[in-house]
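So this first bit is one chain, no partners, the form predicted on its own, shown in structure tokens.
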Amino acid sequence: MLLISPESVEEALDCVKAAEHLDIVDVKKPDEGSLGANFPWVIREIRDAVPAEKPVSATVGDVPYKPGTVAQAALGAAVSGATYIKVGLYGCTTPEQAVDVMRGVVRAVKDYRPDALVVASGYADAHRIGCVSPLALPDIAHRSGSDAAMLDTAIKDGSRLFDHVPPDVCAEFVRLAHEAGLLAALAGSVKAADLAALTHIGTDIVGVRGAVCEGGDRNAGRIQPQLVAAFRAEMDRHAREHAAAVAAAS
């Protein structure tokens, strides 16, 4: 699945123009961080603007180790219309802290909307900020009752997912997630050139923003419908080639 992250209602309307090419519209606020949380009214307006059959995802933020605070924020995202709730475990330095935060989120969200999906998000460059390591995420997600494990990059300085977690380690992340019955999502300045590797390792959700923005700039550029379509075409091409290779090998 392709997840695209607009930061405003105007950008969400650009996503609507390319709705046939994407699977999830993800609401975030990039100037508040990698997984910066946007306002509840923005989530609501984007939910209203996007076709009903397209799920809306919302980030809760690059959160501290404050389980009660994060649970309330997650509930706010769900009440505002998000069906995927993403939590960036920025301030959790141990798996136990991360599980504690995510259990609160899962209960808050599922009590309100049982069919919502909770995503435990970590960071490929965890070593730079001192949070839980990437390969701990699938177990954290599983133990907390979350539905998906995700990796992004915390520091947006031009470095990318594979710069910090190479494809073989990402493959292990995906394997661990699938073994635990979870969806595996990967993001972090992902480019079209990364799609062959992401397809090969079985990634369920690919998250992008910069790659479909004007000039490749996630902050100053605006999402371009034609870039979304082109990125999706590349995804589909790699999926077809991978399926053909698997069929030929069997």
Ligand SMILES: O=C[C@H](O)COP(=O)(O)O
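Predicted, not measured: the structure shown is a model, and the values here were computed from it. One-based numbering along the sequence shown.
Another form exists, predicted together with the ligand; not displayed. Remarks below refer to it.
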Options 37 to 45, 195 to 203, 65 to 73, 209 to 217; stretch whose heavy atom lies within 4.5 Å of the ligand in the predicted bound form
209 to 217
Could you tell me if all three of M150, A187 and V190 have a heavy atom no more than 4.5 Å from the ligand in the predicted bound form?
yes
Selected contact from K156, R143, H178, R113, since only one has a non-hydrogen atom within 4.5 angstroms of the ligand in the predicted bound form
K156
Against the ligand in the predicted bound form, would L3 count as a contact residue? Criterion: heavy atoms within 4.5 Å.
yes
